[in-house]
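Okay, so here's just one chain, in structure tokens, the form predicted on its own.
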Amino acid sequence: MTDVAADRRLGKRPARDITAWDRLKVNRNWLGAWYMVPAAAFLLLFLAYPLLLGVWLSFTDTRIGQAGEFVGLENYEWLWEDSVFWMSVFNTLLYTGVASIIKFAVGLYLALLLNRHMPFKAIIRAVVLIPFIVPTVLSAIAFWWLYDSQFSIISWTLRQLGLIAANINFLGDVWNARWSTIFANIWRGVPFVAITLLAGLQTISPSLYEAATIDGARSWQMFRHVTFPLLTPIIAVVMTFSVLFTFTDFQLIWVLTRGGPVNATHLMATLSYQRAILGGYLGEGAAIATAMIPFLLAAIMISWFGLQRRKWQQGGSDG
């Protein structure tokens, strides 16, 4: 009896009847791709499609309740001459740059502090995480009361201490409003940076610090030559997310100032919402939102090239 006949009697398909499709279905390298199909479909439907639709709308004069026509780069030409748009770009870069730098510095300090042995360490970690857990809108409302021009507890305290004679106009003055919103963002974002870096610190082997101590290294030298190099991959990832979250911030600014005073705190995200939804000019709002993409891609690429330079994924040395 031939092998083919024996296979058929046993209910098996002969080798010659197995197609390339049958091999793909059981191939280990393709198995992961099959499991990724649902996630890929979800991302295409809820992320890629809205993104492409927004880009398309930016090339039209679509308004709410009115189908638009293709106008090419007209929306972008209009934005090029729009002083409010350029102010929102400046505000966004200032807001993102200052907040991200301070969040990293304070978050790294807290992570190093919480990584030490101390009493009630678990409770302290939970308390540090509270600002990040609280919904953004509630945090913004709390800061709105703290910054109130008449009932601010900050102004009241400073008056009682004799440091000021009148209440501080936190949200009514241009630069006061900018610094106030930046501080609120820092308060919300520091816990995310601190807890993530703390998780990275706990992956560093204590034996490395013991060896550095035996070699006579001081605290700063251990941080510079042991902690920071090993923490760099985590820093790159967490700061990428921090920059993206800060750059696209909407809720905090909208609840606190709605872009005021005189557009001084408008970010690109809030200006896009104001022009597209409140103003009804969907094409112009979509153009502002689309203009954010190059900045976001730049942040991602800087992080990616930084990770590639260190080659930490492959266990290599610095490039």
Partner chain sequence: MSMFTRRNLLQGGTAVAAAGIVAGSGLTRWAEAWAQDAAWKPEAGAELTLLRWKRFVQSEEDSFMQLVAAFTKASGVKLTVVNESLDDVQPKASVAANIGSGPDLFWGLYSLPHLFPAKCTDVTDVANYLGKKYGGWVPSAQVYGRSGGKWIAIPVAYNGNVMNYRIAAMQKAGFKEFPKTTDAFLEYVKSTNKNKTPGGMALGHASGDGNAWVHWCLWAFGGNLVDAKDKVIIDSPETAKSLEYAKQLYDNFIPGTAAWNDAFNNKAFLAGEISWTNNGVSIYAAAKADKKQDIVDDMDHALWPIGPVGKPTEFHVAYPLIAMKYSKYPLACKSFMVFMLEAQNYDKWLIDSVGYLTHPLNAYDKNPVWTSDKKLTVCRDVAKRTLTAGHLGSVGEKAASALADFIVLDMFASYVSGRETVKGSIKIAERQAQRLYRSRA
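Residue numbers count along the first chain shown, from 1. As the structure is a computational prediction, the values presented were derived from the model and not from experiment.
Another form, the form predicted together with the partner chain, is not on view; read the next lines as being about it.
Non-hydrogen atom within 4.5 Å of the partner chain in the predicted bound form for each of Leu129, Phe132 and Phe223
Not one of the three qualifies.
Among the candidate residues Thr157, Ser149, Ser219, Asn176, which is the single one with a non-hydrogen atom no more than 4.5 Å from the partner chain in the predicted bound form?
The option sitting close enough to the partner is Ser149.
Using a 4.5 Å heavy atom cut-off, which residue among Asn75, Ser88, Thr96, Thr181 comes into contact with the partner chain in the predicted bound form?
None of the other options qualify; the answer is Asn75.
Taking heavy atoms only, is Asn169 within 4.5 angstroms of the partner chain in the predicted bound form?
Yes.
In the predicted bound form, does Phe120 come within 4.5 Å of the partner chain, counting heavy atoms only?
Although the partner chain is absent here, Phe120 would stay clear of it in the predicted bound form, with no heavy atoms inside 4.5 Å.
Please run the contact check for Tyr281 against the partner chain in the predicted bound form: heavy atoms, 4.5 angstroms, yes or no?
Tyr281: contacts the partner chain in the predicted bound form.
Can you work out whether Trp144 and the partner chain are in contact in the predicted bound form, taking contact to mean some heavy atom pair no more than 4.5 Å apart?
Contact check for Trp144: yes, within 4.5 Å of the partner chain in the predicted bound form.
Pick the stretch from 224 to 232, 211 to 219, 98 to 106, 75 to 83 whose residues have a heavy atom within 4.5 Å of the partner chain in the predicted bound form.
It is the stretch 75 to 83.
Since the partner is left out here, which residues of 246 to 262 would have a heavy atom within 4.5 Å of the partner chain in the predicted bound form?
Heavy-atom contacts to the partner chain in the predicted bound form: Thr257, Arg258, Gly259, Gly260, Pro261, Val262.
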